[in-house]
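For reference, the chain that follows is the form predicted on its own, supplied as structure tokens.
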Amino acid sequence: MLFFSYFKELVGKEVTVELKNDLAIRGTLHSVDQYLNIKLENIKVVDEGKYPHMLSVRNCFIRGSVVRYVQLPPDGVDVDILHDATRREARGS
């Protein structure tokens, strides 16, 4: 639940999601659920030459199990919130 709570704070910000098949997609985070499924809007493929069939796609839903990395915007990382959430989760278990 720690990551789910954190990603909810990033809704509306631009993120880059790298998938396990090496496709990297940059877009505005529209929503995320408890399974870390991600919905992006206004997407751009990072390597358009390698994936030309993705040029016409504007919005996408990404299943959480196929995500390798999520690159966050530099201003989107609030270390204090992460520390507090980690402490709360550690006390709860």
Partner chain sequence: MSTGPGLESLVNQTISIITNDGRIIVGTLRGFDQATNIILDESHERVYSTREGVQQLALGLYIIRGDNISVVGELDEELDLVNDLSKIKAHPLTPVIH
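Residue numbers count along the first chain shown, from 1. The model shown is predicted, which means the values in this text are computed figures rather than measured ones.
Here the subject shifts to the form predicted together with its partner chain, a form of this protein not shown in this document.
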property	result
Its partner chain contact at D47 in the predicted bound form, heavy atom, 4.5 Å	no
Proximity of R26 to its partner chain in the predicted bound form, heavy atoms at 4.5 Å	no
D22 within 4.5 Å of its partner chain in the predicted bound form, heavy atoms	yes
Contact of F4 with its partner chain in the predicted bound form (heavy atom, 4.5 Å)	yes
Neighbours of its partner chain in the predicted bound form among 53 to 70 [non-hydrogen atom within 4.5 angstroms]	H53, M54, L55, S56, V57, R58, N59, C60, F61, I62, R63, S65, V66
